[in-house]
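Alright, here's a single protein chain in two forms, structure 1 and structure 2, each given by itself as structure tokens.
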Structure 1
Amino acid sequence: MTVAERLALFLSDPDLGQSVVAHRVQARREAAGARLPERVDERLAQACRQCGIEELYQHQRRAIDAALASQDVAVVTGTASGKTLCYNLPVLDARLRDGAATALYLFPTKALTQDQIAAADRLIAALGGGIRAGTYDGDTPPQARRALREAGDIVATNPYMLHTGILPNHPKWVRFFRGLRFVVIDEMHGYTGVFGSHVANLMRRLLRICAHYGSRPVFVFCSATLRNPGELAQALGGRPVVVVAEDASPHGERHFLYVNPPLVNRELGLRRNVLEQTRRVVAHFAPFGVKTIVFGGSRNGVELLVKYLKDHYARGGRDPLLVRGYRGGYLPELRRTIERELREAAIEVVVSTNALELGIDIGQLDLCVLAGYPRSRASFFQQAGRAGRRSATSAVILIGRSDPLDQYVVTHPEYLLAGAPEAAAIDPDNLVIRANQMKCAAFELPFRAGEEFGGGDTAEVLDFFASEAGILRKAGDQYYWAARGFPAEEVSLDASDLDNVVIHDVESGRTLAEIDRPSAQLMVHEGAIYQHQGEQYQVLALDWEGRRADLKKVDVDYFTEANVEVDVSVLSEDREQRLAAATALMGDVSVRKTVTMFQKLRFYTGEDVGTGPVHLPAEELETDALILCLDEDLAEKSGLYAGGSGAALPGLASPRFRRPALYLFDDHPGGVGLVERVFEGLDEILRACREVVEGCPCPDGCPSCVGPLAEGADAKRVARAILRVLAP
């Protein structure tokens, strides 16, 4: 049964169909073609034709022309639009014309690295070989690493290996860096926040080394849709870029369905749990030959859906192994197996976190189901684009949670389909990030007095390292590394590549998975139920210092969720703006997070069946925050204080400001510019908040507009009164 036929039955279903609140159809689009550039080496043109590439899409031609003209370029087009050819063609052309030319391919994950180097190998094979392309990462054997250093033409790696393995050892890569002509940065939209800020500094280090060896590579960026691709690419590479954003690739008809789960408690505004609704939706399609990818949000959400769908398959007499989970933390062998099974169509349903949002080749899928809005348009369209990677009809089903953001999205379908994508935010000159990267750069090459490294005062940082920290030594007009340590090993790019906790199965004696340190506090504390491919393991012990969790397989009817307490203290107030009856402040805060306890929740129903304590050290950080302080007059007139219901407004009654205050903080030491964007766009955000509250049909407040309600609180009336003043 085709997806179109099954979709018609879905829409007519008395339960599921009634939950569809909007249905939009994106028409089939034909390709807009262009000829191969005449300046491309004829051998490469013949290889393209041999691989079935008779012509290009127009956006490919524009991008290739820019790269061949030595211009930095950012290709910002949809999934399956042929971005890979935009860099493979100029790279191979350069290598055919100059035997010393090399290229560096940078991908955010090992899986994508392997996938994309295979695409280059196909063209190289059509050329008759003679060009060496390979993957250089933690899984590469030592002999293969040495061969790539000595003779590699195209080296594909990830930011982590570039950071700790390649740049600090650049004397071993002299030939490669001297000939470096292209640097490819794929999935650019993923280089935001902390990670992107570090990667921008990583590029500063790379360009220092290139200049040392006399090369000036061209950057080719590839990305999903962004509001500010040129700005992000320039921030990452440090130079202006040509932006190619008009997608000329074809796609089949695509249906977008917005599903709002039915109300189960109209008075409280509670809706059917999003995972249960997702299970019902997927069960309607999957057993009928509709190849499906489900994005389950959190790791816990993915594992719950895998269990529920495997149970559904088993009850129907079908093989539960037709359902697979895919997420971070799985060991590489398991992830490669699942990727291969997807390409070979051996799996009917894969449930994933955003790990499969990237452009890994996972074969042809008909349906994409999102268990909740993924918090950005860019992620939504990346996930949606994993289905319909051919000319046939496909469908995307977004299922809303009960929270206000999801409710806004599912009740405003044009917000996604007609609205502009988000702007990506990074802050490469964040003092903490930049200073740590300058340590790494100083280890690699001495700094000259007056040398720039991005923005900010380089001399001040270098003098501090030399005179107070003692890790640099100044001799003449140069600063030399003087410490014993290897700084790159101590600098994390995103707080997930260091300090991982190993998850150990005590019965089998094998390593089951790994998990980053912040997530470990929530998921592998003692007593937690850790879920893996639909199976349950109980955490027997967590060695926090040794970064190891010991688990045992169990058969229980519940899962666990940890509760976190957050305390915020204001350290400074740096910026201020006046609103109608409130003051918005931006400054530094100290945040203390403590995991205090966990709940046991029954599968399917979510019934609370018990609790347990958690004894782990608190996590502390200093970061940026926005503080919205209400005027006393507004707080009183809105009824915030009426009947002692001060908890009606989601926020804190701040002892510092002696009036109600709402805190929004950047969850990374020092902040990475996110708070500043909220501060500058506060008027627009408040208007959207008012629209959510005013538009929600509940009488007194619910999780879809003002969040969970305290007993006796009149939250909706209070929130409406406040927002009508702040966002008139």
Structure 2
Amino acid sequence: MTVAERLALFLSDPDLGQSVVAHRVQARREAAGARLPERVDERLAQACRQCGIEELYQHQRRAIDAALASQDVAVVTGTASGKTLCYNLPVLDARLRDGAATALYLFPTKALTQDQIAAADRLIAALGGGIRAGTYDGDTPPQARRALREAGDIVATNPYMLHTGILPNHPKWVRFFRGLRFVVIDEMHGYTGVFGSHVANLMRRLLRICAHYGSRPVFVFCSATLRNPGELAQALGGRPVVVVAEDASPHGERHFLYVNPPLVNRELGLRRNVLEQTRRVVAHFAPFGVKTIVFGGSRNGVELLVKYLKDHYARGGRDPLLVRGYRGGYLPELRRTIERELREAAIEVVVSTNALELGIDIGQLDLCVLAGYPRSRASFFQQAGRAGRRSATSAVILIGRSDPLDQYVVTHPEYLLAGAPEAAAIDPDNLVIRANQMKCAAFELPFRAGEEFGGGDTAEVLDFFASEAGILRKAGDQYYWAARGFPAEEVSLDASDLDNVVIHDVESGRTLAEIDRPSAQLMVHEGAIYQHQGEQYQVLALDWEGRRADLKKVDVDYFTEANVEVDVSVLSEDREQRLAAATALMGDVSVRKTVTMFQKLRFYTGEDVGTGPVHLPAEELETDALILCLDEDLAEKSGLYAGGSGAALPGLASPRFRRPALYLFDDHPGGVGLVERVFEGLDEILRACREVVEGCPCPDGCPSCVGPLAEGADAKRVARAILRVLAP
């Protein structure tokens, strides 16, 4: 049965069809083709034809032309629009013309790296071989590493390896850097926030090293749709880029359906559970030949859905293994197997967290079901992009949860479809990030006096490092690294802590999965039910020091959820600024997160069937915080006191300041300077807040301004009153 036929049945179904609150159709799009550029080496053109590439899409042609002309370029088109060719073609062309030419491919994760190298390998094979492309990451054996350093033409890696492995050891890569012609940054949309800001500095370090060895590589960026791709690419590479954004690849008709589960308790406004609704929707399509991907939200959500769908398949007498889960924490081999089975259509449903949002090659699917709004437009489009065929019809179904944000989104379909994705923001000149990256850069090559590294105060930072911190030494007109350590080891690119907890199945004696330390507190405390591929394991013991959890498979009718208490205490107040009717403080805080207990919740109903204690050390981090304390007058006038109309949150007054206080902290050990930026630009930020609140057309609040209505009917009025005083 085709997707279109199944869709018609869905819409007319008395239960399921009733819940569809909006239905939009994206028309079919025809391909716009272009010829291979004349200037491409004839051997390469031949190889393309051999791989079935007779002609290009127009966007590919534009991108390739730019790259061949040594212009930095950003390709920003949909999933499966042939972005890989946009860089493989110019890279291989350069290599065919110059045997010493090399290229660096950067991917945010190891999994993607493997995939994309396979694509390059197919073209290389058609060229008759002789070009060495390989992955250089933590899994690469020493022998292969040496071979790539000494003779690799295309080296694919990730930012972490570039940061600690390649750049600081550039004398081992002299040949590679001398010949470096292209730097490819795929999945650029993943480089935002702190991580993206670090990656921009990695590129500064890379370009310094290239300059030392006399090369000047061209950047090719590839990205999913963003509001500001050119801006992001320029921030990452430090140079203006040509943006190619008109997607000329074909796609079939695509349906967007917004589903609001039926009310089960009108008085309380409770709707049918999102997972249950998702199960029903998927069960309508998947067993009828509709290849489906489900985004289940949290890891727990994924495991519950896998269990529910497997149960459904088993009841229908079908093989439950046609349903698979996919998420971070599964071991790499399992993930590779699932990816392959998806490409080969050996499974019917995959339920995933956002781990499959990135460009891992799983082929194109017929249906994408989102169990809840993924919290950003960019994520929504990434996930929706997984469904879509060149010519056949496909569908995306968004199922709303009961919470206000989801309710707003499903009842305002234009909010998603009319608006562009969020802008991707990075701040490479953030002082903490840049100063740390400058240490790494100075280790790699001395700084010349007068040399710039991003923002304008490079000289001042260098002077500080030389005269006070004692890690650089000025000799002649250069600053040299003059300390022992290896700075890249001490600078983390993101908050991810590599200190994982191993999940061990005591019966099979095998490692089931790995989990990062903060999540381990929530998911594998003693007594927790840990779910893996829809099966339940109980945690018998958690050895926190040894980073190991022992689990045993069990048959229970409940899952568990941990409760976390967050406690912030102020260590120092370093800076203060007076606003119209408030005081802003900046200082160090200690944030303690303690898992205190867990709840047992019954499958399907979510009924609370018991609790248990958790005894784990608190996770503590010291970081920067900004504390905004409202003056008592203003709090009084706005109704922000116990029992007042603005007191939506209990205990609003901070015990330390005895006034309503707003804490903002960097959720990153040591802080990354975000708070400082907020503190410096507080006036501007408050003014922007006021503009958003006053400019929003909604009457009483919505997710785009002060948040959903549940914050209190008065929320928008109170927020406006406060902002008018603070940002006059």
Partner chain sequence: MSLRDRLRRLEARAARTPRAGKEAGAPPEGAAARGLLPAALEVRESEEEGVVARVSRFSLEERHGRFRLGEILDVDAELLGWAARHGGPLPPRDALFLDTETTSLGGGAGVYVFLVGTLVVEEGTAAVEQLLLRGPHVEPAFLERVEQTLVRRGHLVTFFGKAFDRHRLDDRFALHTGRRPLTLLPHLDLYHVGRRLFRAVMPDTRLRTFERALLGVERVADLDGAECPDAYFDWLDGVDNGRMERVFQHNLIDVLSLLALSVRVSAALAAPAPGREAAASGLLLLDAGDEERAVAVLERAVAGLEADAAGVDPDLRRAALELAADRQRRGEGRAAVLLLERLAAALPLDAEPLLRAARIAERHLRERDTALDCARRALGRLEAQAGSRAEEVRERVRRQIERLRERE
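Counting starts at 1 and follows the sequence of structure 1. The term rigid core refers to the maximal set of C-alpha atoms that superpose within 1.5 Å between the two forms. Since the model is a prediction, treat every value here as computed from it, not as a measurement.
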Shown alone, the chain in the form predicted on its own appears as structure 1
When the two forms are laid on each other by their rigid core, does Leu626 show a Cα shift of 2 Å or more between the two structures? yes
2 Å or more on the CA of Tyr479 between the two structures, with the rigid core superposed, yes or no? yes
On a core-based superposition, does Asp41 travel 2 Å or more at its Cα between the two structures? no
Provide the displacement, in Å, of the CA of Phe465 between the two structures, taking the core as the superposition reference. 4.6
